[in-house]
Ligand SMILES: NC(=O)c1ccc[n+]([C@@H]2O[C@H](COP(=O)([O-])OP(=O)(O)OC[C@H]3O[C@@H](n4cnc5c(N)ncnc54)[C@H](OP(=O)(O)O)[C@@H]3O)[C@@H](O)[C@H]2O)c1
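Single chain ahead, by itself, as structure tokens, in the form predicted alone.
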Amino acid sequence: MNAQLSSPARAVLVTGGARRLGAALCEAFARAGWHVWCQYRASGDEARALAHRLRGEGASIEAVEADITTAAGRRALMAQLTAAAPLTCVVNNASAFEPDTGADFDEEAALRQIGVNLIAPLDLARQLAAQPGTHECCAIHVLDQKVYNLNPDYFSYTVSKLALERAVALQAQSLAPRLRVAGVAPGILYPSGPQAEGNFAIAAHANLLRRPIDPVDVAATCLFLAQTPSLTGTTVCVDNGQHLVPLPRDIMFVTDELLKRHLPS
């Protein structure tokens, strides 16, 4: 990893940046001229391959290994990155997603998800605001359309994302004017957990626009939020209207008939 950046470009940390939406986020910011720190914990090969590919396009990106599940790991990461150059933005994309319900959740698993999905984003945002200098910064919390379209599946995950959605406004108030805080709430983007490809192909159309959501659109929205100085304390749904199609269970569990019954004709 380079000790110093070669230019004073705006710098962004993308947590969980090696795969899926994280990789799309890294690509969007890198291609827009930002220096990108692609944080990973276990996906080192994928993170380094992504960085190598984008550097081949002329982008500025480094893969950085860090454990953001602990306070010490987050402090060490932020100290490492801000020693190289000021950090302009953090996109809190890393997430833990484990199946449970309000009746059977395991306390240890619930705390693990709350730690990754809530405490880590809040901590990284406040450290961003506290770094030396006077430049304006921005924290973007990646949420889920479920925060506006509740169902009881994935209980602990949903609770953690609900708290983070409320924290968008609270952190914007608490850490202004140094830090802007925004959220983005995607719909279903990729197969999750045990979901089969056939199930995903149906579920991806369960929205008002009847088509899959492009992760590129979510990444472009995060870039827009980061680059628009007037935006703070707000969340944008990027879900083809999925949050307006209520279902009694998580989309991966519903049947074709139930989808037909709930979607507009």
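Keep in mind that what you see is a predicted model, and the values were worked out from it rather than measured. All residue numbers are counted from 1 along the displayed sequence.
The same protein also exists as the form predicted together with the ligand; that form is not shown, yet it is the one meant from here on.
Asker: So which of 166-174, 179-187, 132-140, 74-82 is the stretch with heavy atoms within 4.5 Å of the ligand in the predicted complex?
Answerer: Of the options given, it is 179-187.
Asker: Hey, in the predicted complex, does Tyr157 get a heavy atom within 4.5 angstroms of the ligand?
Answerer: Tyr157: contacts the ligand in the predicted complex.
Asker: Any chance Thr235 has a heavy atom within 4.5 Å of the ligand in the predicted complex?
Answerer: Because no heavy atom of Thr235 falls inside 4.5 Å of the ligand in the predicted complex, the answer is no.
Asker: Consider Leu21 of the chain shown here, and say whether it contacts the ligand in the predicted complex, taking contact as heavy atoms within 4.5 Å.
Answerer: Judged by the heavy-atom cut-off of 4.5 Å, Leu21 is in contact with the ligand in the predicted complex.
Asker: Taking heavy atoms only, is Arg41 within 4.5 angstroms of the ligand in the predicted complex?
Answerer: Result yes; Arg41 sits at the interface with the ligand in the predicted complex.
Asker: With the ligand left out of view, choose which of Gln127, Asn149, Thr88, Ser95 has a non-hydrogen atom within 4.5 angstroms of it in the predicted complex.
Answerer: Contact check passes for Ser95.
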